[in-house]
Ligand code: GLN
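Next comes just one chain, in structure tokens: the form predicted on its own.
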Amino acid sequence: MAINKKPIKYIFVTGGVLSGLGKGITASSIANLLKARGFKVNLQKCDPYLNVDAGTLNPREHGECFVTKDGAETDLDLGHYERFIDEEMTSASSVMAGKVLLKVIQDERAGKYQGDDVQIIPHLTAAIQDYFVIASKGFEIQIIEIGGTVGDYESLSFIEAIREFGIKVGKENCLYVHVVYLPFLTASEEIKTKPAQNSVRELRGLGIMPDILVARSEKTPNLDIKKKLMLFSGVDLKSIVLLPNATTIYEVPLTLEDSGIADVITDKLKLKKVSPKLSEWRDVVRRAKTKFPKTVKIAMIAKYLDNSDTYLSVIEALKSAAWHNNVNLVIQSIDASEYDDNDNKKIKLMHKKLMSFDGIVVPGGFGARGLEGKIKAAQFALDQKIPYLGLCLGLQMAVIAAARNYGMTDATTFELNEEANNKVIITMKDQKNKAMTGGTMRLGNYSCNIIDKTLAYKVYKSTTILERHRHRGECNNKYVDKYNDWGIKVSGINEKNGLVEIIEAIDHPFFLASQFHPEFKSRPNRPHPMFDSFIKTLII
């Protein structure tokens, strides 16, 4: 006799009124609460951009590009997903419209539609739904965030796909969460619900009645607002959550829990009633909101300053390490490009500024702009024994800084001068296609062997680690035997391809840099060892 398999439950999170409301945080928080109840949960982000992935998106506009363990370049919301549920996402959790369209066109060219007229409905919407099913395998609950705003032309195929999907899997297996915005008018000192009403009406006009309404606001609304939203949206009172700005994003799951919305979700999806285990998460929030006696100041030598989300994972990793070590954190971004020239007056000002910080972080990036400024910061950190943490590009700039400090003044990288004699940083040899930009880097997890009796070993307490990469430059191995003369040494290497993974200074309180991005594996309840050790050094 066949045993009926439990159906997978699907939760779709859409947004209205305007972008940037926090759909990703909402989806992550719901996942957090369901995982705390013992359910096996996965998350997925669908973006309406015609890009195949997020690798070529401008970080100054879209924020950081997050990388999964299997090498997918994705939207930054996947970083939220990982931090909120402490699970590693894969490429299946990231779906962009360009990726789906490319698949449909390739299938059409291969004759898979057998002469059908290929159309948005049913072919494109069915292809989108296929990605839902693939990603949900092995899980009990699949939470799917739809990027963009309801009403955008570019999002219509995704909205139609989730409408159809709800019919296919049945109402008891599908739930729609809609995130809206409640603006505050200073002139009349009142919160307005009309934009939210219009957004729900737009969604209903597309065939979807939201089961849950999450109302975001800058200020805390009067509870009567819920009654007004219920009247004009048709969503029942207990299924409406008021979500004003929080002190920390990690407080959102607790706000949702206190609202009772997790019980509404389990009721609607006919899931078993389980008490959540949230003590560890409550401790994270307590630490995040605590004002500690000691504060550390960090200078981040950056090049993308137009968007606060560009270095999101780095900032969250530093915060986590600070909370773990019971210190407050102040991060100040310094524009590296201001110091690209060799103006001595500017350089002296930079040095004076850096002396006021406890530590220096040089994060990743691409392109020539700002590289000389980052190199100067690394040189100063080496000279003045200032704690330094280099992340990806930060390692490359550190190697150049060490070479130049030793006397190789023309040491450089391929990004600054492809024809230079002393390129200590070169383009990776196995780059797939130099004419292409997207997906041509070393991406995802690669192993690293750590050398015994090094700072890296002291940090990791292990000889083998697995870390995520995103870069097309590597250390030029023909210079590695000169590192000791330059005052640095290799402390981590990829045994399979012989590439340098970690370097550190020989005589320095803390000068550590990695070719990988350790920030992607940091968690609010478990800081990454490199960040944790860096912060520990600053408070000694």
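Counting begins at 1, following the sequence as shown. These figures come from a predicted structure and were not determined experimentally.
Below, we refer to the form predicted in complex with ligand GLN, which is not included among the displayed structures.
Undergrad: Which one, 101 to 109, 206 to 214, 157 to 165, 463 to 471, holds residues whose non-hydrogen atoms are within 4.5 Å of ligand GLN in the predicted complex?
TA: The contacting stretch is 463 to 471.
Undergrad: Of F414, F139, Y457, Y446, which residue is found within 4.5 angstroms of ligand GLN in the predicted complex when only non-hydrogen atoms are counted?
TA: When ligand GLN is considered in the predicted complex, the option within 4.5 Å is F414.
Undergrad: Looking at A321, I261, M96, C392, which has any heavy atom no more than 4.5 Å from ligand GLN in the predicted complex?
TA: Among A321, I261, M96, C392, a heavy atom within 4.5 Å of ligand GLN in the predicted complex occurs only for C392.
Undergrad: Even though the partner isn't displayed, in the predicted complex is G365 close enough to ligand GLN, meaning a heavy atom within 4.5 Å?
TA: So G365 counts as contacting ligand GLN.
Undergrad: With the cut-off set at 4.5 Å between non-hydrogen atoms, does S313 touch ligand GLN in the predicted complex?
TA: No, S313 stays farther than 4.5 Å from ligand GLN in the predicted complex.
Undergrad: Using heavy atoms and a 4.5 Å limit, would one call H517 a contact residue for ligand GLN in the predicted complex?
TA: H517: contacts ligand GLN in the predicted complex.
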